[in-house]
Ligand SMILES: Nc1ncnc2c1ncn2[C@@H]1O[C@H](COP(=O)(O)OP(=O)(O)O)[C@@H](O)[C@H]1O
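Encoded as structure tokens, the following chain is the form predicted on its own, with no partner shown.
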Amino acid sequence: MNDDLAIEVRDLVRTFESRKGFFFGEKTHTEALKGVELNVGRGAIFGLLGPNGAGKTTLTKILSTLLLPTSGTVQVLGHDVVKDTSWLRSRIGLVLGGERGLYNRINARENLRYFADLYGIPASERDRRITEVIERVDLTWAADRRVEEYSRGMKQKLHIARGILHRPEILFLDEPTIGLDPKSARETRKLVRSLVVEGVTIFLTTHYMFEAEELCPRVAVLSKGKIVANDSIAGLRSRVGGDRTIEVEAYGFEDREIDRLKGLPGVSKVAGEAFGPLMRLTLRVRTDDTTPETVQGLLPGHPELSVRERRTSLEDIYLDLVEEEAQ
């Protein structure tokens, strides 16, 4: 076991069985995770990205001891998730969000007192801890209101308060800012960064690419039950063809024009996409040799031509990787 790692996953497989057909006599097997390999360092924010159905929630539940692996080995904080479940649960925080996991007919403080008792927080510390986490998620003004009166965003904040109440060593966050207004989402990201400063390891799943790019030094992409990439943002940019993206729009392009663009220095990929009557070509560029002016010079017969350059975003990278896996 590597002491620098918070999570070590080796050849993880998770299969679900179900029955269908007449009298449910036909058994089917669905492989949600297919030999996942993953390392996550301690004291950092690690992002997990992937489309719906890729296996993100299944992986998160196994890492947080809620679901058993079918095969493979999984260690969290140096302990096996199957053999050392009790030891791990007192050191793991989990925020799945949604409507479940909170008691609507009591207020936020009473919810947190219940969970404090489950976590074994001493009575002498309990109320102080509850006040502390309520303040950290900016719910002091509503702490004595029944949860059934809360908005979706307020409930999400209370989920986060519950997840950090027992001061976990590792915190699993599944879509932590979903349902939050922009101000609350920004405050939540600030809270996440402050937890890392305090030594907490964060395992974050999100569909918000800008959020992952802002928070995560390293991300993995899960697609069809497999990790298809695991690197820094810069490393992923290099993998999909470079830091620079040039977008070209016009009312259609001829094949010979696209071939010319593919032959430009440093161009690693040219992809086309229709936007109504317009066609957009996206060029991934590895070097500075090709510029928007160079591209425009190769397409003289397009009076409505639009050419712009931007940095390759994490969303670009994600879509390229998932598309690549689908082929």
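What we label the rigid core is the largest C-alpha set whose atoms superpose within 1.5 Å from one form to the other. Numbers follow the displayed sequence, beginning with 1. Quick caveat: nothing in here was measured; it's all calculated off a predicted structure.
The same protein also has a form predicted in complex with the ligand, omitted here; what follows describes it.
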Handout entry: Segment assignment from 278-286, 52-60, 35-43, 259-267: heavy atom within 4.5 Å of the ligand in the predicted complex
Key = 52-60
Problem - Exercise: S306 in contact with the ligand in the predicted complex, heavy atom 4.5 Å - result: no
Exercise for the section: Verify the C-alpha shift of I178 between this form and the one not shown: is it 2 Å or more after superposing the core? Expected result: yes
